[in-house]
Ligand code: ADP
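Before any questions on how it binds or moves, here is one chain, the form predicted on its own, in structure tokens.
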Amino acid sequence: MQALANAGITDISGLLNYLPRKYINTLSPLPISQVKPGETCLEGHLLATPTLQYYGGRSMVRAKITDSSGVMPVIWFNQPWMAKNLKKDQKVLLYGAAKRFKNGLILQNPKVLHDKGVIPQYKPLPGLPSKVFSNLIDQVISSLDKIQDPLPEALLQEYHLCGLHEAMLYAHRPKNMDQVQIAERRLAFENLLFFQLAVSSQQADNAAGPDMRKAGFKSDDFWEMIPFKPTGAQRETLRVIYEDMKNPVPMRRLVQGDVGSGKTAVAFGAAVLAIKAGYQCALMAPTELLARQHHNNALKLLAPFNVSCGLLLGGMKAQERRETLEQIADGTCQLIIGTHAVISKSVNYQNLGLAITDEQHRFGVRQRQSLAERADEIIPHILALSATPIPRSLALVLYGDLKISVMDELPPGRTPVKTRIVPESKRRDLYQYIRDKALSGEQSYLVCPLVTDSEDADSEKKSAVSLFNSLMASSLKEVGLALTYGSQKEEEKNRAMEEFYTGKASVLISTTVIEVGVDVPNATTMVIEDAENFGLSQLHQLRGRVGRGDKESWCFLLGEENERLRTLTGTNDGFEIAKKDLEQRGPGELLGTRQHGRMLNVYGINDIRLVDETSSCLEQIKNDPKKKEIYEDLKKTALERFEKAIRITGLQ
């Protein structure tokens, strides 16, 4: 059927793996007196025949259901037939959403069910009626014996997993919720194991890499020549990186560090070792803004090491780009910093020994590999940096081809940013605060979710352009303002940032383009419009743009107070915030749906305990010589299942 093909379902296995998105459990209806807001199942009698009313062409059927514990109003919108189908004193089984209304709860648009049970709910397939789909599931379940279980019996027993046939039967036709849990554990274990195996298989085993022992340079030598004292986390991380780089096997390491933890200095330390050993180093950043800042910082910090730094951007003038490419090719340029331009085919490195990707969550396995493959004879070491803290177990899944270092220590003198939720009624007071700060010489960011109002015609969200124009003519007209956003012309963006860097502009109004790479120590106030529309981790990243000096700094969240925003006001720990974000919104939101939404459709990835368990399982199988055959069989299946997805998305 075309509807199935459109959904990527082309065989029995594909149909079976189209799992229910949730289950309606009607085995144990709840007494009315115990109902709380949310989905619920009730069983009782109707107090009277339902009434039908119309308001502005919209139908509304009202009724009341009662049991031995109480009475609850029921309402159906745009379902006028309910008034005819239901009668007084009729016994009904209802499943729907209980919502708070005035002083009580009301059951809204419930399904009228005929039998108790556990009912799978699938995401609708356009063009395929649900009854037809249900019949197809029944047919394939009867053919389960034709499908081979991809997990060996020994593994099933060791990890207390049911077989594939049993799991599919329980997933699609469960008799109780215990069977659902058994099925979910088995299928999630399988998917997580294969996904991690596919990701970890992206790197070549036992490949030769650049041996940097000849440099005769130690990590402590680097710290002695820079103008600040490193944290213990910085020292330890660079020490481990130097150990990796002095091993002839290519390094694959991810450094996770909270905002301001000093990852860039560590990366520059790694670059110095590579250059001292006679190799070039390339650093790839996700935006031109961040690339420019890294270039400026490298020129200052690495001056004592006499490192030649080059900048390579997509928007460079032809002559400037040609000169940079020549310097890279002849080896004159030792540290090349840029955007995706550093992996373009026009770049010919003379002797690339280290490839660094900053803001790793914006790149994938393929992009890391593309940078590595720019070298001709050897496979360079790879160092990935991420300021988006994610739970270690999830990092093992996403970056299975990388070893992980965590930098969880901030430099001395950094004071935590204070965070407060600000209601709309206090907006005028907030603008007065920003004005006073500007007049006293401090700077502020105002971040909006949209560039222009036209992006979302039905939305009431503030846009950067409209807010800029409004404040220019009202509350902040006496204050220097600048405006920047992602799609802005490069020269306009650079001019706006230059005005803010130099202090000519006291307030920078922008979109989330300033989420990474902007370092203005004099900025002490961050205001985020419509804060409830952002994920916790993104809010934490934006908050990290202030508090980079020694002055007290504030982050003000404009929006409706909710649990997520309260979390942000209670902690500055990026890893704790990431954990909460994962629990509340899932990994697709945590890492950005555009970057990771497709790949993170891996069944079971929200279950951190299971992620840990499958990671341990993979390590055990991979390192046990007796299980080599099992490992190779599983690896083959994993690549068949996930390699295409990894190739399409770049692990996005």
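All values derive from a computational prediction rather than experimental measurement. Numbers for residues come from their place in the sequence shown, where the first is 1.
Not on display, but discussed next: the form predicted together with adenosine-5'-diphosphate (ADP).
- Contact annotation for residue 228: at least one heavy atom lies within 4.5 Å of adenosine-5'-diphosphate (ADP) in the predicted complex.
- Remark: residue 525 does not count among the residues lining adenosine-5'-diphosphate (ADP) in the predicted complex, judged by a heavy atom distance of 4.5 Å or less.
- Using a 4.5 angstroms limit between non-hydrogen atoms, residue 234 touches adenosine-5'-diphosphate (ADP) in the predicted complex.
- A residue is said to contact a partner when one of its heavy atoms sits within 4.5 Å of a partner heavy atom; residue 264 meets this definition for adenosine-5'-diphosphate (ADP) in the predicted complex.
- 259 is the sole member of 171, 259, 272, 446 with a non-hydrogen atom within 4.5 Å of adenosine-5'-diphosphate (ADP) in the predicted complex.
- Site annotation in the predicted complex: the residue of 519, 158, 138, 178 reaching within 4.5 Å of adenosine-5'-diphosphate (ADP) with a heavy atom is 519.
- Of the stretches 251-259, 275-283, 506-514, 161-169, only 251-259 has residues with a heavy atom within 4.5 Å of adenosine-5'-diphosphate (ADP) in the predicted complex.
- Contacts between 533-552 and adenosine-5'-diphosphate (ADP), taken as any heavy atom within 4.5 Å in the predicted complex, involve only 548.
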